[in-house]
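The chain below stands alone, shown as structure tokens; this is the form predicted alone.
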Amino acid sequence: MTYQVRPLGPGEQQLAWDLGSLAFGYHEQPMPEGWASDSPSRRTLGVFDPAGRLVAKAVDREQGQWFGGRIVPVGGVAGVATAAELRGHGLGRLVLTELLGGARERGAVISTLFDTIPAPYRALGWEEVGALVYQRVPARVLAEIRPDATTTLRPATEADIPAVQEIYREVARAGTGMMERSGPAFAASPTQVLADHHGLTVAVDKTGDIVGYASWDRGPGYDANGKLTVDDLIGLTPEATRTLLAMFGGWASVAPTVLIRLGAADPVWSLLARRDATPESSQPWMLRVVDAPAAVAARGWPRHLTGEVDLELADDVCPWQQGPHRLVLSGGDGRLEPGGAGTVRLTPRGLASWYAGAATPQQLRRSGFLTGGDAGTDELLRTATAGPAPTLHDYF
């Protein structure tokens, strides 16, 4: 059977809703008025059978994520669905392969996604590099934390939103993989930002500067099932972090459970015993390099690292980037030039893990994702992407 792969037309949004709602379990809900799978930051690619039925789809999101202190253009993959009767027939591979090519054409250099099952994405070159994790912490534990006497808390106002966004950006810039919350995908007004959560609390230091914030939601009930969900808790100072965290301890009598979205090395851990926190949910996310030379040029690299290593990239899904290349790093910049001896061979999953700093060359070698090279090339590659563990605080 011959299938057609193309962008959805304006009159085909109901088809996307029907296929997605059935796949993800909200089929009984009617399509909201004005809903569209496509927007200025989203492009839906569909697979149509000869009868014109939409049988598979995937969404390419235009977004940016921080790597090495720079924003890297990303194709975020979402809404991947295949008709139940045709799963296992290669339609997901068909639409995702086309999506990767289209994302590259519009300027994306890597692709990221949250996987419900890794196998089909790994077959196409994505690899798990991190997870979005909510930790369950008893509020009584937080009640034992003493707030800072010189730091005050208050509800955020619309005038505070630029400062809140800059606090997030400062932390994201220093991290690995954090979303850049600007552009078409994050075009909400200050009014909408405040409305997105039950509470947005800012921490103010003794000079009047906003030095931290927390965004949170209050669950129903005030018995043993009561809980708070904290999406962001970011302090630029230890006093702000401590005071914000202590605030949630004040809910212990009516919301005994606090769910906090935390990365593996978040400063909040300096105030918690690991045994007092248990993962409530963990959503792995994956990365794939779409345009290797452009991806190397886009991210930042260690400023004091200078060196070269010859790579051989194997990639039959994105053939435009396979073959021998020479990685050259100097002064915080990197470039990937064609040619070289192909000393170190990387599979697509190995390239993804290395680029994200999710695995060392030795780990990749043990996984079969990297072959060739020696201790010297391993050390350069390890140092090049050493840094904070890949972290995402935004689900898409």
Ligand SMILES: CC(C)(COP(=O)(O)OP(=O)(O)OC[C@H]1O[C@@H](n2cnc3c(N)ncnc32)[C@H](O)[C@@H]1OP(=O)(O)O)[C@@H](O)C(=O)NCCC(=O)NCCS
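Note that residue numbering begins at 1 and tracks the sequence as displayed. This is a predicted model, so every value here is computed, not measured.
What follows is about the form predicted in complex with the named molecule, which we do not show.
The partner is absent here, but in the predicted bound form a heavy atom of V80, alone among I71, V80, A277, I145, sits within 4.5 Å of the named molecule. A heavy atom within 4.5 Å of the named molecule in the predicted bound form is found for exactly one of G300, G130, G92, P293: G92. Under a 4.5 angstroms non-hydrogen atom cutoff, the named molecule in the predicted bound form lacks H198 among its neighbouring residues. Heavy atoms of Y213 never reach within 4.5 Å of the named molecule in the predicted bound form, leaving it off the interface. Although the partner is absent here, W126 sits far enough away that none of its heavy atoms falls within 4.5 Å of the named molecule in the predicted bound form. For the chain shown alone, R218 is not a contact residue for the named molecule in the predicted bound form, no non-hydrogen atom being within 4.5 angstroms. The stretch that touches the named molecule in the predicted bound form, counting heavy atoms within 4.5 Å, is 81-89, out of 156-164, 81-89, 229-237, 243-251. Shown here without the named molecule, the chain has F114, D115, T116, I117, A119, P120, Y121, A123 in 114-133 lying with a heavy atom within 4.5 Å of that partner in the predicted bound form.
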